[in-house]
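Here you get one chain, nothing else, as structure tokens; it is the form predicted on its own.
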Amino acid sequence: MNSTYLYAIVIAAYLCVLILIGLLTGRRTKSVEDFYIGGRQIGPWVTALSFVAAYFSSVVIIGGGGFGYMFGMSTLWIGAINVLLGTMICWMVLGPRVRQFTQRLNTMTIPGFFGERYRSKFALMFSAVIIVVFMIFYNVSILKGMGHIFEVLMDIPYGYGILLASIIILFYVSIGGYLAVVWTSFVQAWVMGIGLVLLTIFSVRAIGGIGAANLNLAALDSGLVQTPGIWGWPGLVSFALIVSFGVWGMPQLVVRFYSIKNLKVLKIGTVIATIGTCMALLPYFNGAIARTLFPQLGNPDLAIPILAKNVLSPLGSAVVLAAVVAAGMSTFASILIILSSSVIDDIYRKGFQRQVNREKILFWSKVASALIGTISLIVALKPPALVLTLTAFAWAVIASTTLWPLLLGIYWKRATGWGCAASMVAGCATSLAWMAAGKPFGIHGFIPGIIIGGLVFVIVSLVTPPFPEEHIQRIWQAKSKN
């Protein structure tokens, strides 16, 4: 059978499964809370693996492979730190309190939590606007990764590839909301894992073993097998931190803690998510191997697609194709839910104080998902940078804005609304200014952004009046039975 036909059959079967999930979950989506956070009734396996799928999207499979291609084996440290800081410690530190506090305050979004926790319309509106604007950049990077896979493996023009993926995502998100997102992401996590393991096994066999891969990389450039190697310490450390600590402020990932059924299953989910994210090391590793096999690639983002096409059978390549499409779709779908909630619930209903009944909110949330997805698609047709570069830019700005208000908001009773607002503005502005200046000393804008944002938060909170005791007691009440 022609390999293109085989790819088409595998991906068509996979997309049909996603559509079916969208239709089934659509029947269970009856309220706004169902659409945004699944009614807070999602179990540990689905929550954990949907977190994995949303975290390690086509951005990591394609973009991580591209960075492995450019920088070699030292990029494995990024994946390892992702597992430790971005998953295990994140779930342990944020998970329980985010679940408790957001239920107490009856909030379904990160901006909504800020608005209630800090009694600040500015914190609500500013964080919502930042999330909407810069998440669109992140969406573009996801679509770009999927487009490259269709382009290389199926000879489908880049634009048609991202159009196909976008239509399917927009369908099941608009129909099923968050329930569709987590259940499709659950399926997608398994597809991603199988695809990456297959690719790794056959890539190592093609190069003659890990030792041979290291020798071949060293022959090209010794910096490709050393740490920090070509990166340099500032670049390696700051990038590892942004894609690990950045998770702590990323709404499409933090929302998993909102939706999980209770604190008991959260502990189980922590273990599952930590094991699942170990797959983060594989794209970087495979990208480094691709450098030894195809040293003259013009675009590093093509490393994984080219590698899959050459070391796997057509069926194996089809599985990898499905894995990348799965990865991209899971994250893109998660972000659409976040962006629609930010636009409709946070900005329109709460920010502008519009009285809208719950049925209309649900309807307009679905419309907003479709419109935002369409905007992302249009921008992705002429993307401005490498996949992982776009991701790091978006994550740096969003996390510099939201990380401290979220973390200190659930751990520090003395945190004030003025401290939150000042931290958001300072962190966001510092991150943007640092990147506009060309990342001095090789340090990514995320690092100065969170440093300045954290200092400003603490200083301003200490010199401004604390919240009344009744507000603090409302947030720090006795632990609920959940």
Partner chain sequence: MGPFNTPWLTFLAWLVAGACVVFSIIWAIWLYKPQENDDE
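Positions refer to the first chain, counted from 1. Being a predicted model, the structure only gives us computed values, none of them experimental.
The same protein also has a form predicted together with the partner chain, omitted here; what follows describes it.
Though the partner chain is absent from this view, in the predicted bound form it lies within 4.5 Å of a heavy atom of just one residue from 107, 244, 274, 238, which is 274. This chain appears without its partner; in the predicted bound form, the one residue of 374, 299, 226, 313 with a heavy atom within 4.5 Å of the partner chain is 226. Heavy atoms within 4.5 Å of the partner chain in the predicted bound form map, among the stretches 107 to 115, 244 to 252, 140 to 148, 259 to 267, onto 259 to 267 alone. The partner chain in the predicted bound form is approached by residue 215, whose closest heavy atom lies within 4.5 angstroms of it. Although the partner is absent from this view, residue 96 contacts the partner chain in the predicted bound form, with a non-hydrogen atom inside 4.5 angstroms. Looking at residue 411, you'd find every heavy atom of it more than 4.5 angstroms from the partner chain in the predicted bound form.
The partner chain is not shown here, but in the predicted bound form it comes within 4.5 Å of a heavy atom of residue 73. Three-residue candidate spot 77, 100 and 103; every residue lies within 4.5 angstroms of the partner chain in the predicted bound form by at least one non-hydrogen atom.
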